[in-house]
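Here we start with a single chain on its own, the form predicted on its own, put down as C-alpha cells.
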C-alpha cells in the first residue's frame, strides 16, 4: 500500500507511539485522586506541546481533536449579541459549522472573505476587511487542508489586532510541519490536532488559550477537584477539560512528540517529492492547484476524464494507492468545489512511491 492521505490522518505513526499507548493501557491506575492521575499521564504531553508552541503548560488545553478545540474556542468565546466575525472561504467545516450555529442562534454575524486560487487570503483583502467590519474575532486557517498553501499568520494576526479583534488560528495542518508560534504571532487562540503531522494517535489535539482570555466551558462535569462548586473551576486548563481524558492516546502523542523533536524534518525532501508528483500529474494530462511559496506537502488535482471520487476508487482498488477525493471539508473554497483528488505526503513518503503514483495516473489516463 502507498498511503498519501496524511492530511486526514497520518500513517505510519512515529516509532514508539503504539508501544506507548499499549503501555498506558496495560498500566493500572494507582493514584487516589483523578487530578493527580491526570497530571501523571498528561504532564509529559502537555509540557511537550507547550514547548512546541512556545507557551506555558497552563495555556494548553488537551482536547480529542482540533474540531473540539475549535468548537471550544468559538462556542465558549465571550460574545456580545451582534458581534461580527471575519473568516475566509478556505476554512474547514470545523470552523464554518460552529459559526453557522452561532449565527442561526442570533449570537453573531460573520463574513467569509474570498481567497486566491491557491487558497491563501490576500493580505490587502484581509486588511481592508478588518478596517471595514472591525470584527470581534478573526478566524483563519494557518494552511489550507485542500491545497497546502500557508497563510502568513503573523501578518494576518497583526492586522486583526490593530482593530481590536481577537484571533483564532486553525493550525490543524501545520503542527508538526512548520513553526506554530501563537505568542510570537500575538494570537489569542490556536487549535491543533495530534493525529496528522504530529504523527500521534487519533483522539488527541489541543487548544492554546492566551492568558487572561476566559472562555465559557462548552462541556461541564467532573474535574476531580473543587467538586463542591456548581461551576467549572476558573483555573486553566482545568476549566475546559471536563471528564476523563484519553490518557492512553496522549501517552502515544507524547512519544510521537519526542520522536519529532529528535528527528527534525527536512523541507527539501518534501519539495523534491512534490515537484516530482506535480510533473507526473501534468504528464498524465491532469491539472492541479498551483501553490507557490510556503506550503504543506499536499497536491490537489483533477482529471479531465474521471470524477474525483471515481479516480480515487481506481487508485485504491487497482493500484493500492490511498488518497482523498472530494471537497475535503472545505466546501466554500472555489478551487475544490468540483472535487479534487488530494495527495498528502508524510516524512516517510519515498521517491519510489511518488514514481509509482505517477505511473498509475499515466496508466489510468493512457487507456
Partner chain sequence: MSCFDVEKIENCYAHSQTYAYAFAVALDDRLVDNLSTLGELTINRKFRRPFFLLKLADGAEIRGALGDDRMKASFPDERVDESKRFFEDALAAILAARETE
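Positions refer to the first chain, counted from 1. Every value quoted in this text rests on a predicted model; they were computed, and no experiment measured them.
FYI, the form predicted together with its partner chain isn't displayed, but the following is about it.
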Residue 57 versus its partner chain, in the predicted complex: is there a non-hydrogen atom within 4.5 Å?
no
Using 4.5 Å between non-hydrogen atoms, is residue 65 touching its partner chain in the predicted complex?
no
Although its partner chain is absent from this view, report whether residue 46 comes within 4.5 Å of it in the predicted complex, heavy atoms only.
no
Would residue 29 count as a contact of its partner chain in the predicted complex, using a 4.5 angstroms cut-off between non-hydrogen atoms?
no
Each of 317, 320 and 338 having a non-hydrogen atom within 4.5 Å of its partner chain in the predicted complex: is that the case here?
yes
In terms of non-hydrogen atoms within 4.5 angstroms, which of the given stretches 324-332, 66-74, 294-302, 48-56 touches its partner chain in the predicted complex?
324-332
Quick one: name the residues from 351-367 with any non-hydrogen atom within 4.5 angstroms of its partner chain in the predicted complex.
363, 364, 366, 367
